[in-house]
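Presented as structure tokens, the chain that follows is alone, the form predicted on its own.
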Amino acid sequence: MKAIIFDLDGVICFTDEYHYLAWKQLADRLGIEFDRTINNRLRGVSRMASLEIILEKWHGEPFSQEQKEAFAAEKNDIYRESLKNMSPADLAPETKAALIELRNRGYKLAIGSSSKNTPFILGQIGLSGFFDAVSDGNNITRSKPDPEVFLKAAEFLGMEPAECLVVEDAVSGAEAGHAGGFKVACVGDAAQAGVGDWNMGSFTELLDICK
């Protein structure tokens, strides 16, 4: 392996709670049932696909595409406002140290995230410009478990999938990595589900995998 492609949320930093509260505020306004169980289905999924999952609980007249886009924009406005509270303190010291060590070992590092807010989040946590490539919701048309975001990241790095390791915390993300021909190291929920080629207890275990 010559490169490592990281999902952002749940791997490098944690914005799950911000997402949940923003979707919850929108769902409450619309009178739609929404809880943390439903929220778990949104992990690694694009904004519009997440909205469609939430609208499964809507029992009124179908919404138009324009209305749906307005709802998604409303949620994102709430979410982005809350992200202003993020800072470099939201990047765990051991995670930052591991990233620097992996770079020192000669690995190319990239982000592969479905979030369109990736550049903003990276700036907030002090990693703007750190990665060799960033593939995110701004340059893809299909969200995970489609492998497009990781294939684009590998393309931006000038690497083949077989040369890259994907690091994911969501089952859909691990499925995307494998679908694209990547080896996958998992943390969090995906590791607990045992869906990775390596299932890690912590981010720093990457240093044992990528020697």
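These numbers come from a predicted model, not from an experiment. Heads up: residue numbers just count along the shown sequence, starting at 1.
The same protein also has a form predicted in complex with a small molecule, omitted here; what follows describes it.
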Counting only non-hydrogen atoms, the one stretch of 53-61, 39-47, 158-166, 26-34 within 4.5 angstroms of the small molecule in the model of the complex is 39-47
- 4.5 Å heavy atom contact, K116 to the small molecule in the model of the complex: yes
- Query: So, in the model of the complex, is Y79 in contact with the small molecule at a 4.5 angstroms heavy atom limit?
  - Reply: yes
ask   = Though only this chain appears here, would K75 touch the small molecule in the model of the complex if you measure heavy atom gaps against 4.5 Å?
value = yes
Margin query: Test of understanding: in the model of the complex, would D9 fall inside 4.5 Å of the small molecule by heavy atoms?
Written below: yes
